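Shown here is one chain on its own, the form predicted alone, set out as structure tokens.
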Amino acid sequence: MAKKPKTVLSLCRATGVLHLGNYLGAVRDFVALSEDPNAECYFGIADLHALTSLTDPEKLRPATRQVARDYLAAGIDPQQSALFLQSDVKETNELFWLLCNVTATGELLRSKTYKEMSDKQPENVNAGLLMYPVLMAADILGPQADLVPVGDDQITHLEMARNIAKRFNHRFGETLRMPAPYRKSSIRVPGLDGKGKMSKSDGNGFGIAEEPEAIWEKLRVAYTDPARQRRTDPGNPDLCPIATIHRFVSPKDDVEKIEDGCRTAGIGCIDCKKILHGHLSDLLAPVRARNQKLTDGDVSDALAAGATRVRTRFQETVATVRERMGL
């Protein structure tokens, strides 16, 4: 008997252009998963979740489509995997409400994300932020996901989804599949400003489909070890974000030569950046090539097809949940 594929689901927020950190930390793994014959993949763009903090429709709509385009450019094949907008799956909202009725309020109030926002920006806390984990649970439990790729910041939300599923099954009978985290070694790509990880909000990175010339302009002025004021000053690659990025994208032999050259002042920072730029250009060349071929129609067609596929899975789950709850 053929092995039944595992259902894999991941949603990302509608943040706009995907940067190198997104690609190395998650999207590259998604592409590999999508090519695995033992995985049935659903990749969503969480535009409903984005409403908790982003309320300008003139920003949300293009940001949403940009993420979809970058996913396709990165190598997600819509013939193999479903790429969809969260808001296009109307059943998500119904399942969200049904699950609210088996979710403890105290558990939501103790949510790390909710507590952090309440402390840092109390004026921006809304009911949507409080209910965020239940909507995420609906996203996961609707298609009966087996595996959910998550980072450290989302693992508690996945655990809440598991608690909700467990509570529902205990009360109404075995209905919802228990999702498990899919985790690989965490990759934290530093920002080019040296102040933390690469992020869209800080503007300290570059898009995965940017032209090599544009990437070089950002690399050229990127932060390096402050001890290297002159070409002849020895440095410490452990303090340099450029050296760290080398470790993620460059061959091992090059990394060893560059780090030794940094410590002995045998190589200058500009030379180091030029070598990195070459490896980045090679790594991202297929992404740029696919991006150049994509049309707006290709993106729309992929999202429509993906929504149809995932809605079929959701409809089966919602029908069963409704029946079990007495509707």
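So that there is no doubt, residue numbering starts at 1 and follows the sequence shown. Since this is a predicted model, take the numbers as computed values, not measurements.
Below: the form predicted together with adenosine-5'-diphosphate (ADP), not depicted.
Name the stretch, out of 253-261, 188-196, 156-164, 174-182, where some heavy atom lies within 4.5 Å of adenosine-5'-diphosphate (ADP) in the predicted complex. Correct option: 188-196.
Exercise: K200 in contact with adenosine-5'-diphosphate (ADP) in the predicted complex, heavy atom 4.5 Å: Because a heavy atom of K200 falls inside 4.5 Å of adenosine-5'-diphosphate (ADP) in the predicted complex, the answer is yes.
Could you confirm whether G306 comes within 4.5 Å of adenosine-5'-diphosphate (ADP) in the predicted complex, counting heavy atoms only? Flag for G306 set to no.
Should V31 be classed as touching adenosine-5'-diphosphate (ADP) in the predicted complex when contacts are defined as heavy atoms within 4.5 Å? The answer is no: V31 has no heavy atom within 4.5 Å of adenosine-5'-diphosphate (ADP).
Answer with yes or no whether R13 is in contact with adenosine-5'-diphosphate (ADP) in the predicted complex, where contact means some heavy atom within 4.5 Å. Flag for R13 set to yes.
May I ask you to choose, among L276, L283, A50, A26, the residue with a heavy atom within 4.5 Å of adenosine-5'-diphosphate (ADP) in the predicted complex? Exactly one listed residue reaches within 4.5 Å, namely A26.
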